[in-house]
Every structure is written in structure tokens, then in C-alpha cells.
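Okay, so here's just one chain, in C-alpha cells, the form predicted alone.
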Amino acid sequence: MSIDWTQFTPWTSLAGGAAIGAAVALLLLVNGRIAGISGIIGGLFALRRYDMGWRVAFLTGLAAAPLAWQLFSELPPVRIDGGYAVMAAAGLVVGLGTRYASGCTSGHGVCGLSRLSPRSIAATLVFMGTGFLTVYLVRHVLHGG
């Protein structure tokens, strides 16, 4: 393994992580809510009027963040190697895993780990391990190297 030093961005990565941590902590402290994206989106379909405002505001902020970034810097290029069928299948598998785990990577991996939730620790170990295994199989077994 080697590091591509031209793409190594420790300060912007640290700032991004701190911003995510601050947003998660603020949502928990101000609203008493966990910043799990799948739960936030799923709550939009529950049609509870009193609960919609913060969810819409949070998701609007997620969508607006890249637009705000463009004011200061160029967005990185997007490269997707899979076709539409692969992307659709991947989305369905991720959605299924999110339902079985009762949360997503942001809910378990960011919020749950910071609260030392045993359920989130187990879920994060499973999805990270599965991700590592998938990358290994796709890169080294299926494509031969």
C-alpha cells in the first residue's frame, strides 16, 4: 500500500470530520435526535407534521453543502465505474442492510460509536468488514489482481 501524497488532505479531512462531529452533537443537544440519514429520510414518509421541519432543514443542508463548497474551491471529479444495474443493485443491498441493522453508517458509525452503543459497535464492525471483504474480492479475486 502506498499513499498518493498529491491527494493526501489531512487538514481538510480533519476540518470535515470536525464539522460532521459538530453537526451531529448540535442535532443531539438541540433536538435530541440522532443524525442517521436513513432514519431522517424514513421519517419524512411517516407524515408527522411536527417532525418535518428539522428533517427537511437537515437534508437541505446536506444538498446545499457542495454548492457552498463551490464558492471556495472546485469540487472533485466524480467517477463511477459501475453501470446503472450495478448501482441499482448496490442501492437495494445497502437499503436492505440499513433496515436489518436499524440504521445506516452515519447513525451507527458516527453517532452510535460516539455514544459507545454496543448495537452500533456490532453494526459498524459488520458493515466495515463486509466493505473490506467486498473490495478485496472485487479487486483481487474477480478481476485477478
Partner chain sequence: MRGSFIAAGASGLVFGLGLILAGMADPGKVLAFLDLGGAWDPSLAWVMAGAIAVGSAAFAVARGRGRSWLGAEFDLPVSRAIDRRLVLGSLAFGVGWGMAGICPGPALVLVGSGSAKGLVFVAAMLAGMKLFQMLEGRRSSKGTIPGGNEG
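Here, rigid core means the biggest group of C-alpha atoms that superpose within 1.5 Å across both forms. Residue numbers count along the first chain shown, from 1. Being a predicted model, the structure only gives us computed values, none of them experimental.
Not on display, but discussed next: the form predicted in complex with the partner chain.
Asker: Tell me, yes or no, whether H140 is in contact with the partner chain in the predicted bound form, where a contact means a heavy atom of each within 4.5 Å.
Answerer: H140 belongs to the contact set for the partner chain.
Asker: Which residues in 81-102 have a heavy atom within 4.5 Å of the partner chain in the predicted bound form?
Answerer: If the 4.5 Å heavy-atom criterion is applied to the partner chain in the predicted bound form, 81-102 yields D81, G82, G83, Y84, V86, M87, A88, A89, A90, G91, L92, V93, V94, G95, L96, G97, T98, R99, Y100, A101, S102.
Asker: After the core is overlaid between this form and the one not shown, has the C-alpha of P10 moved by 2 angstroms or more?
Answerer: It does shift by 2 Å or more.
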